[in-house]
Structure formats: structure tokens, C-alpha cells
Ligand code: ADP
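Given next, in C-alpha cells, is a single chain: the form predicted alone.
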Amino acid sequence: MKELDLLTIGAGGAAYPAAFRLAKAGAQVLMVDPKGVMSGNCLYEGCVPSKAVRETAELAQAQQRFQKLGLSGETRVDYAAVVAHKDAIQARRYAQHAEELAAVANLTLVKGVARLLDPHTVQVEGEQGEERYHCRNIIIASGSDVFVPPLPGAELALTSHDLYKPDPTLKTLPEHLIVVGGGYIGLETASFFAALGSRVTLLQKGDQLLAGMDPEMVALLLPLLSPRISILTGVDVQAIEKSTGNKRSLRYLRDGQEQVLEGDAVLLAVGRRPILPEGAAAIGIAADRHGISVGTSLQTRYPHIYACGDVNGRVPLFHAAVRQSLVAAHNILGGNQACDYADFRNVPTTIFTLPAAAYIGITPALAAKEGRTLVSASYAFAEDSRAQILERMEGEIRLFFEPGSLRLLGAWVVGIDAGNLIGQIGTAIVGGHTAYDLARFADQHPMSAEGIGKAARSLL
């Protein structure tokens, strides 16, 4: 049996930052991943490929906005070329990660499936057969997978895996795309395809899209989305069936009435589920439908076994997984004594629709739930010079402060540059900055970030 200082189950963002940190400190490290490559689902079928499609869609949308400058006619998009662009980015980044991996001693990546036999023994079934390892430390970073509901005809639908994986299933632009699910994946995809020229119908079972996010922020975002997106709430999907040609028909109940919707493709976007490694339950590692239970030190019931990223369900985002991986690495280097902690609340989250919305920290809905009072300040993009230049004057920056001290506690941005601005605001939150600090910082003009200081100055 081979001895290891660290074995990671997975090689994505929840695994490789810790693997690199430990290997550079002299530890013997092995990463085990069924894909056999670094970067997990983010690069394979998540944030990177989907945003490659998104940015292309935004260019198409921008061309439509600037038709008054002579860019006339209907924007036509070669979706096969968009897919080729996405695939090329994925290939480039996989090659980049392979170079990074090859440059680090003491670190090996094996394509295979890991099974926990006991708290220190892991069996790996790989291309070279079966091997067992005695591991001083283990990081469970097995991620999550698309949840496909037990729906008749579900096999006829697409998932985000089919849209965004390398060499994806969908390579032609559907005239009419039906999206089932109003979470961020469903709403983002609806937004991309609408901008590229598809007609989109989005079906949501509950009354609120983006469930779990602040309803006021969601209410600001939805009217700004493309009119090519038709949203139906209170829908109970019954079945997906083949229709004429290659089309699909979807039967659903709404207000007690059964209705049928026909489209060129159906996307199921009803959530993701954690992937628990084999043997975890047998050795008593607790989990529920959200994932493995951990606290801010990321340790399971065994101090030397950590669960990072999507598998713990706390903040299922790539950048949160990276930070969690580093927390685990620091705690391992500290002898598995908790000396570093993940902040699950102050993680920037962006819904990459067109336009986007982003938030962080404590927003009004959460404050009300916790019985807290907030002082808010806002800045409308209608008065922003950059937004006017780009003809994108919808939305706002809104900041939330602690009464009295005016310490920044949370924020949202709906509209231009939301994904960039929320990171700058997040840095101010974790730094303990106040409205006074934001107000006296001379941010650049004409950039949308100057709205942060302008919002803060409205309170002083």
C-alpha cells in the first residue's frame, strides 16, 4: 500500500489549489478524478464554456443596440462557430492546466474512481487497475452533477451538460427553446439563446424565479431581460414527448388546465446534486440532500478528512471552492487544527443573464429573516456616464450598511458590469469598510465603479 500525505477525490477547484499548496510544501499528493483532467465541471460544462457563449451573445445584443450607427439589419449568429469558439477555449485551458500540473513535483493526477475503505485508506480503480493508498489527509472534492427528475420523456431533453461540454450535443440554434427551471442556470441559458436569436419559453414550478435570492433584486432584474423570453410560473411539467420532425412537445399543468407546448429543444435545468464518493456513508461521514455536512473549517467528523466545494452544498460556486480548498490546505499544514476558516456569507454571486445581476453579504430579505435593520443607498445607472455611452442605462447599484457605524454589510448590482463591481464591493465588505471609506475613494471616471462612491456619499 502506497503512502500519501494528501489524496484528493476530484481535481477541480475544490481540490487542486490545496494539492498545489501541499505539494509545494514537500508533501506527496495524488489527485483522483474520473475525467483525468484538472478543473472539474467549471471548465468541462460550467462557468467557462457557458460564459464563452454568453459573451458572444452579448456582442450580438450590443450590435442590435447600435444599429443607429449604421449596423443595420437582423443580427445573424452562426451557432456552430460559437460552439467552436467555446470548444477552443476549453482546449486551451486544459492545455494550460496540464502545463501547470507538470511543473509541480510530488503531485500526480490519476484518471479513476476513488472509494473510501476506512478513514485513512482509499482504493482507486483507474486505467492501470486497482491500487490502494494510505492517506494522512483526504479532501473530498467530488463536486456535483446535473439533477434529472423522474419525468416521463426526460431522456428526450437536454441538460447543461449537453450544451456546454466539449463537443456538445446541441450545435444548431433552436428556433424555439423550452427551458424547464427558473434557477440561475435556466435563466442564464434562456438569456443567452434569446440574445442569439432563439425564441425562449421558460417554465418555473414555483412563483419566484431565482428562488433563494432576494425577491426585490429579482424583481428589478426580470423586466430587463429580453422580450424574446416568455416566462410561465406555477407550472407542473407532466411529460416530454417526440413531436413532428425532430421537435419536442411538453405537456404541463397550469391553473388546473393541461396544456401542450412545442419547441425545437427542451432544456432541463432543475438543479444539481452532490456527488458523494463511494464509501463515505459507510465510514459515517454525514450528508443530506445538500451534501456533506461541514463547518467553516471544512472538516468532517474526521479532522483529517475535508469536504470542499459543491459536495458540501454550502456555496456551490467555483471561486468559493477554490477558497475552501485553500482553507483545507492551511488547516492540514497546521496539523489539522482549525486555523483558517471559510466565509460562506461574503462570497460574490453573479447571475450572468443579459443584463446580469450580482449580490453579496446581507441583503434586505436576509436581514428581515435575522431581525436586523439595514441602511441602504443606491445609484441608478440611468445617471452613469459609462452606461450612457454603451446604451445600457437600466439597473442600479444598491449598498446595505449597518445603522450607526455605516459599515458595509451587503450589496447587489443589477445591470452593467455587475460581475466586476460585486468583487470590488466584496473586498470592501471583508475589509470592514464603511460608507465614509467608500465615499472618499476617488474611483475612475467614466467607469461604472464610481457609482459605489456616489451611493455612499448619498448618506453623508
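Start at 1 with the first residue shown and count on from there. None of these values were measured; they are calculated from a predicted model.
Only in words, not in the display: the form predicted in complex with this ligand, which the text now covers.
Select from the listed residues 174, 355, 364, 277 the one whose heavy atoms reach within 4.5 Å of this ligand in the model of the complex.
-> Of the listed residues, the single hit is 277.
Would you kindly say which of 57, 42, 416, 406 lies with a heavy atom within 4.5 Å of this ligand in the model of the complex?
-> Checking each option against this ligand in the model of the complex, the one that comes within 4.5 Å is 42.
Can residue 18 be called a contact residue for this ligand in the model of the complex at 4.5 Å between heavy atoms?
-> Although this ligand is absent here, residue 18 would stay clear of it in the model of the complex, with no heavy atoms inside 4.5 Å.
Residue 328: heavy atom within 4.5 Å of this ligand in the model of the complex?
-> So residue 328 does not count as contacting this ligand.
This ligand contact at residue 11 in the model of the complex, heavy atom, 4.5 Å | Yes, residue 11 is a contact residue.
Touches this ligand in the model of the complex: residue 433 (any heavy atom, 4.5 Å) | It does not: once this ligand is placed as it appears in the model of the complex, residue 433 has no heavy atom within 4.5 Å of it.
Contact segment among 397-405, 31-39, 59-67, 422-430, judged by heavy atoms lying within 4.5 Å of this ligand in the model of the complex | It is 31-39 that comes within 4.5 Å of the partner.
Mind listing which residues of 112-146 have a heavy atom within 4.5 Å of this ligand in the model of the complex?
-> Going through 112-146 in order - heavy atoms within 4.5 Å of this ligand in the model of the complex - the hits are 112, 113, 114, 141, 142, 143, 144.
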